[in-house]
Every structure is written in C-alpha cells, then in structure tokens.
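A single chain, nothing else alongside it, follows as structure tokens in the form predicted alone.
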Amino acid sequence: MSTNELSQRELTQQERAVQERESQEALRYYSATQWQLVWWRFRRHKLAMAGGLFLALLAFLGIFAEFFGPYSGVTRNTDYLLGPPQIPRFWDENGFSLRPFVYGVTTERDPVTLRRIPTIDREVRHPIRFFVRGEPYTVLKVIESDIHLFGVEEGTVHLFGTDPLGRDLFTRTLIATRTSLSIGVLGVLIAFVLALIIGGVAGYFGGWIDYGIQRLTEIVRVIPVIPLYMGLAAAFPREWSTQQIYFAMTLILGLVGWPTLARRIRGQLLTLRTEDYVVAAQIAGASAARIIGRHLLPAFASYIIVDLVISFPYLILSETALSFVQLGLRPPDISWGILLQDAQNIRAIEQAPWLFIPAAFVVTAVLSFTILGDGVRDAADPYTVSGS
C-alpha cells in the first residue's frame, strides 16, 4: 500500500472520529434538560464562576466565624485598644522562622492625652499555632467547641487590628459577614414568596384583580425605605431583644422588596397563560394553583433565579446603610453596618484606617453578586449558544 493511500485512510479515520464526536455532542445537547443547558452556559462565564465561589467562601467563613477567628466577637484586649493589624511573618532582620509569627506589643501612655498607645515590639516573637484551644463557642447553636483555627500561646494576634474597645476586628468581620448575608437571604426569600403569590395571581387571572394588584404594587414601590424604617425603628419597643430586631428588620426589607419581581412574574404569566398546554390543563380540570406552580412558573424559572440573585446586593446595602446610621441592628449585634459606625469620623481616617476593612467586604460582596447575576442572566438566555 502506497504512502498516499495510508495518508488518505488516516485522514478518513480522523474525519470519521470528528463527525462521531460532533454527533455525540449534538445528541448530548438536544437531549439535555433546561437546567443542564443553563449550567453548561454558566460554566463558560469565568467571572461569574469566580464571583459565585467567592460568595460561597464568604458564607462558609461566616457560618464558622468563631472557629476561624482566634477570639469571640466581644472579647476585649484593654492593652491593645485601636491597635493596628498584626501581620504574620516568616522572617525579619532577626532571622527566618519556619512557623509564622507576630511581633509582641507594648503599651505607652500619651503624655498629653494620657491615652494608652499600643506599640509593636520587634524584639519579641509570638509563634502562631494552628487548631489551638481557646474561648468556647457554639456553631449554629448546635455544635459546641473551643478549637480555633489559629492562635498564640502568649501575647495576642489581631490580623485586622482592634476597634476602640479592643475587640478583634477579624473575628467581628467574619461574624458580621454571617449576619449581613443571612439578612439578605431571608429578606430575598420573603420577597420571593410574596412576589410568586401576588405576581402569579395578577398575571393568571387578569381583569380587575390584576388592576387592583398593580395599584398596590405601585404604592409599595414608591415608599422610601429609609424614612419608613426610621418611623418603624422609633416604634420598636425598647425591651425588644437583638434577635427580635433582627427578624423585624428582615421582615420589613422583605415586605418592601417584592414589587419588582412580582411585576416581572405577572408579565411572563400574561404572555404564557394562553398557550396550548395551559388551555389543555384547564380543560383537564387542573386548579389555578396547580397550573401556575406546575406549568407556568417552571417555564421561566431561570429568569426568576436571575432576579433573585440581582436582588441580594440591594438588601445587603439596605441593611448596611440602615445599621450604619443606627436605624437597623444595634449592638451587641454585629453586622457590616455596625462595624462601619466606628469609621465615620476623621479620627478613624487619620489614625485607624483598618476600621474600613469591613467596607471592603461590602464592596466585594456586592460586586460578586452583580457579576454572578450577569453570568446567570447570560446562561438563562435561550438564544445563547451552549457549550459543553
């Protein structure tokens, strides 16, 4: 057999392999479910994947905040008031160390203000140890433990520094992450349930029911959140616990956050309610609730998920802003807004810029939600070319 014949046979085999692979990909594509297509398209959006992974990391750190933090959120270090961050090191002018360490701290009194000023002592090293025993804590009010990810046997370690009361800012930031994200999740869930019910009823039945619901939606949409919350916060009983204020704030944010999603659900249902499969379900005797829940809503569920993801930043920013101006959560609760209360004066900008670290968490979380929402929106677009 000549060389040309061998080359043609190899080329033919390669073409057959390519055609077989393409046919398998086409079969896989056309036999895939809607959620599989959305996932394949979403995986191609690298920024959205990165945003989702970062938010998952934030949620994980927040849930186990007491484990990742060396102290509790209320522990005070009176010898390190408003102390700067202690950066772990492996080497300095005194030599190299296989174990990370932080410098020791000494305090001196200001001769004018008599305030105790923490000073880093570069001659003293405190090695950082992992999985050390410390203050007891409870994870999710279920798991009790006293093991912390890292700590020091002598001295202190404050990765983000301390606040004016000497409390560890790293631990408090992680706890605040859990609080602020949970308020966003619960608020979105409340708004989601209300939007499904109100928007579903308006879009399916139409007529005077739709007209009345649309007028109600417009009234709720024009209510300013901050003045509303100012009035409600003044009406909260002073004897309410922090948990009661937490749930009240979550409920209010959810009650004013449903109109946008409800209007979109209503618009989709007005378009789909005359489809053949809806008419067939009506002839078969299916109830309105079953037609909406089993046939209409799944037809555009991906768009609902997009709206939910985009709603998270607004609720998180609302909680942060309200707590920042002392209208939301109150100490001893810990949230991003409460932590930023210490950073609202010139002294913080000049002497303690590390108090703005929680603001970086707010910005990155909001950006991550925005990027994730863009990725989910593109993945949910049925006209986007799918990738495997």
Partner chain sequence: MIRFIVQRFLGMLVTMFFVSVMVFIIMELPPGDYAERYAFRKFSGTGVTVTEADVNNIRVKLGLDRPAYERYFSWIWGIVTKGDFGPAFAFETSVNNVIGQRLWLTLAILFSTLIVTYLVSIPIGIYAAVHRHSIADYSLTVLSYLGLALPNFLLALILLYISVTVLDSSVGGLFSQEFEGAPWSWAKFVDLLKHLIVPAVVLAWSATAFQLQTVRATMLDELNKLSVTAARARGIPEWKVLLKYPARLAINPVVSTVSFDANRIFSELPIVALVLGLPELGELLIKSYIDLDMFVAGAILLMLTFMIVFMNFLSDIALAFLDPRIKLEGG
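All values derive from a computational prediction rather than experimental measurement. Numbering follows the first chain given and starts at 1. If you superpose the two forms and keep the largest set of C-alpha atoms that fall within 1.5 Å, you have the rigid core.
Same protein, other form: the form predicted in complex with the partner chain, not shown, and the subject of what follows.
Among residues of the shown chain, Arg238 is one whose heavy atoms approach the partner chain to within 4.5 Å in the predicted complex. In the predicted complex, the partner chain sits beyond 4.5 Å of every heavy atom of Pro164. Using a 4.5 angstroms threshold between heavy atoms, Ile349 counts as touching the partner chain in the predicted complex. Looking at Pro332, you'd find every heavy atom of it more than 4.5 angstroms from the partner chain in the predicted complex. Only one segment in the set 318-326, 52-60, 36-44, 66-74 has any non-hydrogen atom within 4.5 angstroms of the partner chain in the predicted complex, and it is 318-326.
None of Val193, Ile87, Ile223, Ile143 but one reaches within 4.5 angstroms of the partner chain in the predicted complex through a heavy atom, and that residue is Ile223. Only one of Phe300, Tyr314, Phe205, Tyr103 lies close to the partner chain in the predicted complex, with a heavy atom inside 4.5 Å, and it is Tyr314. Taking the partner chain as it sits in the predicted complex, the stretch 160-182 never comes within 4.5 angstroms of it through any non-hydrogen atom.
Residue displacement note: Leu189 has its CA displaced by under 2 Å between the shown form and the other one (rigid core superposed). A displacement of less than 2 angstroms separates the C-alpha positions of Leu98 between the shown form and the other one, with the rigid core held in common.
Put the two forms on the same core and the Cα of Val74 is off by less than 2 Å between the shown form and the other one.
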